[in-house]
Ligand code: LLP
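Only one chain comes next, encoded as structure tokens, the form predicted on its own.
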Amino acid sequence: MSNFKYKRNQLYCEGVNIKQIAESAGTPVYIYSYQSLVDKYKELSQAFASLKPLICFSVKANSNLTICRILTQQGAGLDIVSGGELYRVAKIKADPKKIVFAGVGKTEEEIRQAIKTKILLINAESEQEVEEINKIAGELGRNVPVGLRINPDISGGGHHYIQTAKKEDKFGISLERAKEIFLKREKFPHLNICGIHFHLGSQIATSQPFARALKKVISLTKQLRKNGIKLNYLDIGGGFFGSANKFAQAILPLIKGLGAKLILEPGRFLTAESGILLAKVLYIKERKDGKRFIIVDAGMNDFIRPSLYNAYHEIIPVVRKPQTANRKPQTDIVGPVCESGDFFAKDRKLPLVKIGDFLAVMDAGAYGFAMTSNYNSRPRPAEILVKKDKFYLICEREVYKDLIRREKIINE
């Protein structure tokens, strides 16, 4: 994370001292680096430059309006999975012809709004959904471009909650069923079924699962060509992490001969390293056996990934002290939420800290704020963007009145 680094033992984001943000904005707070976002987008676009792909940022990873706008200003499209996300991206005046819409349970209203917005592609996940899109398109007098999300029955590895392409998962259509839909496309006169989509999951460290999925797609496209069917779009989803160049080198040779526009849907790749969650140490408990609990003011409602996925995130002090090398074992970093699952780290060797110190949970820019909740009636944190030597509030911290704003008390 080159844009989060120590200067004179103080943690900085670009040109701003993190401690200054903590003292100004309070904690817990999410902090994002503008330059990291731009750098990651350029890294990916340059790696795949030979095919000029459409890179659609996965909005579910971080749906903040400013974050989405920064990426669209760089040329990104957007991958959405709900009507709410479509509403959000409309607020930043995103180009509809750079929006793709996936999701296994789209409602009639969501489909209707997507058609009215004239987005690039709706990726359907069942034949019933294809029928529903066709019906609504007919009512609106539109011809709608549709892709079929296939389920290639391939494991991407990692936690089973973030795998999405095994046959037992709820997502997508089998290749056999997809072929049948393509072959009877005349049954859907209001649709242009012109794309194939797959998404293998998240945090996939190797290109091999993508290569296996692509080989199945290539076999399907060859069968379709024999029946006079040509694809306009190939959407291979997101989920990869690591070197964009190595990923591109493995994937490009397989794709180049297909003649379809390549669509990528990165989320975590673009935003994870661009953000941190900042928390303040409230209390420190130590047992006789040496086990420590560092209790911070952020909880699982602010960042659920460690609890939900057992995800590992490095945690570092904002002020690095001379005794940083003196690390004690068996340290848990936990929050104030009344659940044993409310933790950010277990049994870590961490530096000595004291009450009032600030800790940074690294790589928290994806699926961090987007998955926050008000559990335990805790207001959601603020979000800050850093650009060079300035920082900006891009989402206000909730206050107590926000917790009950939509509730009604019935007196009978």
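In this text, residue numbers run from 1 along the sequence as written. On a predicted model such as this, the values are computed, not experimentally measured, just so you know.
Below, we refer to the form predicted together with this ligand, which is not included among the displayed structures.
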Please tell me whether any heavy atom belonging to residue 152 falls inside 4.5 Å of a heavy atom of this ligand, as the geometry stands in the predicted bound form. no
Report whether the minimum heavy atom distance between residue 79 and this ligand in the predicted bound form is within 4.5 Å. yes
Non-hydrogen atom contact residue 60 with this ligand in the predicted bound form at 4.5 angstroms: yes
Non-hydrogen atom contact residue 182 with this ligand in the predicted bound form at 4.5 angstroms: no
Report the residue, out of 267, 209, 147, 299, that has at least one non-hydrogen atom within 4.5 angstroms of this ligand in the predicted bound form. 267
Answer with one of 195, 335, 201, 172: the residue that has a non-hydrogen atom within 4.5 Å of this ligand in the predicted bound form. 201
Given 338-346, 237-245, 109-117, 221-229, the stretch touching this ligand in the predicted bound form at heavy atoms within 4.5 Å is 237-245
If the criterion is a non-hydrogen atom within 4.5 angstroms, does every one of 283, 294 and 358 touch this ligand in the predicted bound form? no
Judged by heavy atom distances of 4.5 Å or less, which residues of 350-381 approach this ligand in the predicted bound form? 367, 371
